[in-house]
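To begin, one chain is listed below as structure tokens, in the form predicted on its own.
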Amino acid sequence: MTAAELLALIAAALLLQLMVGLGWMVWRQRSGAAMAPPPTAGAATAAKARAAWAGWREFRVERREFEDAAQTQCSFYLQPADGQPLPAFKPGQFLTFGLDVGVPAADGSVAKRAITRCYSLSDRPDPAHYRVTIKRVPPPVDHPGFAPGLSSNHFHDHVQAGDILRVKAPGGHFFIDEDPNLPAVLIAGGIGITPMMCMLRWCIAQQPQRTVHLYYGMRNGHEHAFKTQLEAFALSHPALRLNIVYSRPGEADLQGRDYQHRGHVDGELLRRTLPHGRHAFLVCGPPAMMQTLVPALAAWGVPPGDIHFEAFGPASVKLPGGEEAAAPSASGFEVSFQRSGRTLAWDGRDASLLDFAERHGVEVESGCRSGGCGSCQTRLLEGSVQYAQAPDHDVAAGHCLLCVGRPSSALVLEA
């Protein structure tokens, strides 16, 4: 055998060995795939539940329940009409609703109007249902001739079990820190209790040993939502410290039984009742509470990263060292609202174009006030708008979000 023949024989043997090895690997992979169990229904369901939906989804109202003695705060339990599981959400987030409501006209007729509104989820994540709790908003006490809250009264008067509602997926930047070693201080004023109930129920279910201080302020026991539930939680969960505060107790309200403190939830009360150490503060309430309490926490020395808040109503909260304080304070721009026929001078005082419009009496549709729902999206005809942080909502080309936007030049808005 020549050297060339020997070399060819060795090469052929090596090639055959390589082919046998590759064949063996392919056979193992195919047989392993055939022997592997198929994904379980539970795994498929969990994967589907983790994916939030885009756009609107139909929900059926399963039931409704009043949460206070005055029957001004009503919970609506919502189930997906398609029967598919619901994605989890971060405790504290909200749902966005697309509603067709009746608006009385001057001639006595009722016209339909499409509106968008956001309401905080008031229960912990559940793959079977969501819950929101909505307070009926009457006309202002000092302006009884003004119209009551359009959306809240629609829910209370017209939305019943079996009705179908259009809902967007949970959103928002206001949610609880998941560190179980960091005590949470949940501070609610009035209907601001709704995201706190969501956070509290989540903590009890997922982090039962976590210390939670709940401060809940209202006028009296007639407006005390979730009273029985909160008292039961306090009895069964030693890690919960309940602080109920009435500003105007009724004759039947007994301190020590129905409430712990008289007055308001303020910095003095927190300093007097909270133990020393680091806490995560989460605050949600009406404008007066937000505009005083949040800056008071910062003045107390609470780091900005430990203060989280969400206002309902037109409240501008300025937190020293926060994003709003860092936003450019350019002024002197003219802002024209084309539909309203108003041209105003931006002076840099307002946190957003929405606050600016409301301060000057320009009527603008709004919802979440945090860049999540798109209710205030307005066509930008001229100029440019800047955001302290990118909004959650995908802003359409040629439009801007008034609730989180500030002008960086003169503007012409369609509103």
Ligand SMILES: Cc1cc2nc3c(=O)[nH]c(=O)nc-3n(C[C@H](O)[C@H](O)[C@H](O)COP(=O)(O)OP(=O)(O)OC[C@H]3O[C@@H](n4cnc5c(N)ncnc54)[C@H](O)[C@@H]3O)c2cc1C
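Throughout, we count residues from 1 along the sequence that is shown. Since this is a predicted model, take the numbers as computed values, not measurements. Rigid core: the largest C-alpha set superposing within 1.5 Å between the two forms.
Not pictured, yet referred to below: the form predicted in complex with this ligand.
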Within 4.5 Å of this ligand in the predicted complex, heavy atom basis, the matching stretch of 334-342, 217-225, 266-274, 111-119 is 111-119
According to a 4.5 angstroms non-hydrogen atom cut-off, is residue 250 in contact with this ligand in the predicted complex? no
Should residue 370 be counted as a contact of this ligand in the predicted complex, where contact means heavy atoms within 4.5 Å? yes
In the predicted complex, residue 135 touching this ligand (heavy atom, 4.5 Å): yes
4.5 Å heavy atom contact, residue 238 to this ligand in the predicted complex: no
Looking at this ligand in the predicted complex, do all three of 140, 152 and 191 come within 4.5 Å of it through at least one heavy atom? yes
Taking 4.5 Å between heavy atoms as the contact cutoff, choose which of 182, 81, 103, 147 touches this ligand in the predicted complex. 147
With this ligand left out of view, choose which of 281, 94, 259, 76 has a non-hydrogen atom within 4.5 angstroms of it in the predicted complex. 94
After a core superposition, would you say residue 68 shifts its C-alpha by at least 2 Å between this form and the one not shown? no
Taking the shown form as reference, are the C-alpha positions of residue 358 and residue 191 brought closer or pushed farther apart in the predicted complex, with a change of 3 Å or more? farther
Assert for residue 366-residue 291 (C-alpha, 3 Å or more) in the predicted complex vs reference form: pair farther
